[in-house]
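Presented below, as structure tokens, is a lone chain in the form predicted on its own.
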């Protein structure tokens, strides 16, 4: 039976998605590796994985890729799992190349799906800014494989029956930290918390000018939702950071997500969780957003948005 190691970064959707990805590869024994975890988090992981190995947290309690590598690398080398999985996040990207190099494993990055294809491992990922989906293949490797998964690419996994084995582990005795966390910066909370909104209307660079935001804001009000945006809109200082959705912004779980002039890069869609009903308006028929949207409308947003708002208000009245 294959052995799959999963390195846990957080105890939210990420852990559930990694568990689902591991199970998608057929019958395998799954082991979660985590550095520092409260009792309730350990119990939650034990419902997702066959075994949970808990290492002590780093000295300052922060994510330290070098410390985590020092903890888990001996396990990788001694137990030789078929596959090691991590999230394709900032922390995951800090750790994954280090582990791949130290354990001599081929690395498949930013995967949307994984498939065992003897004598190797296949994956699907996007290229050219998300416009093309490419199938990549890692040849047979006696050391096994390592892959990072795009957040949100896999649906969350249901708990397994019973509970996995909880195993305590010690920190490497000879580890000397070379990193020191000086400060953790979090965005200021805005007047509106888009993470709690059931309906979001997100605007991207297709809006062209700051003055044009008014028509999208009016549509959001007609729907009874909130206005959100992509990173380029924040970079231009057209909207505040507290309205940014994405891997470098906020994670949202609306019931309805209307993307207006949004290309649909993986950085943006990585912040959209929970499989909302997604509608996309974009004049570029090759925009990656259409691969994700439930309804896609190709056209000029400056014509479609006012028309859509008019129909919505007429229906409400």
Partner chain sequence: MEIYVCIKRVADTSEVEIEVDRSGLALEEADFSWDINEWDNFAVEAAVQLKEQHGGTVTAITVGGEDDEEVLRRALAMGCDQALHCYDPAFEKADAWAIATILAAALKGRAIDLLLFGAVSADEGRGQVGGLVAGLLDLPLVSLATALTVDGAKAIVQHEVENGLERVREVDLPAVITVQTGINEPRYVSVRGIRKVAAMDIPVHGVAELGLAAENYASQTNRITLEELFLPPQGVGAQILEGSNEEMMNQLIQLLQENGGL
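By rigid core we mean the largest C-alpha set that fits within 1.5 Å across both forms. Predicted model only: the values in this text are computed from it and were never measured. Residue numbers count along the first chain shown, from 1.
Beyond what is shown, the protein has a form predicted in complex with the partner chain; the following relates to that form.
- Contact here is defined as any heavy atom lying within 4.5 Å of the partner chain in the predicted bound form, and by that definition not a single one of 68, 78 and 253 is a contact residue.
- A residue is said to contact a partner when one of its heavy atoms sits within 4.5 Å of a partner heavy atom; residue 42 fails this definition for the partner chain in the predicted bound form, lying far away.
- In the predicted bound form, the partner chain stays beyond 4.5 Å of every heavy atom belonging to residue 21.
- Interface membership of residue 55, defined by any non-hydrogen atom within 4.5 Å of the partner chain in the predicted bound form, is ruled out.
- In the predicted bound form, no heavy atom of residue 15 sits within 4.5 Å of the partner chain.
- Judged by heavy atoms within 4.5 Å of the partner chain in the predicted bound form, the contact stretch among the candidates 78 to 86, 166 to 174, 242 to 250, 209 to 217 is 242 to 250.
- With the partner removed from view, the residue among 28, 291, 37, 46 that has a non-hydrogen atom within 4.5 Å of the partner chain in the predicted bound form turns out to be 291.
- Think of it this way: in the predicted bound form, the partner chain has a heavy atom of just one of 114, 153, 108, 194 within 4.5 Å, and the residue is 108.
- Scanning 289 to 316 for heavy atoms within 4.5 Å of the partner chain in the predicted bound form gives 290, 291, 293, 294, 295, 296, 297, 298, 303, 304, 307, 308, 311, 312, 315, 316 in sequence order.
- After superposing the rigid core, the Cα of residue 172 is displaced by less than 2 Å between the shown form and the other one.
- Once the cores line up, the CA of residue 37 ends up less than 2 angstroms apart between the shown form and the other one.
- Annotation: Cα of residue 280 displaced by at least 2 Å between the shown form and the other one, core superposition.
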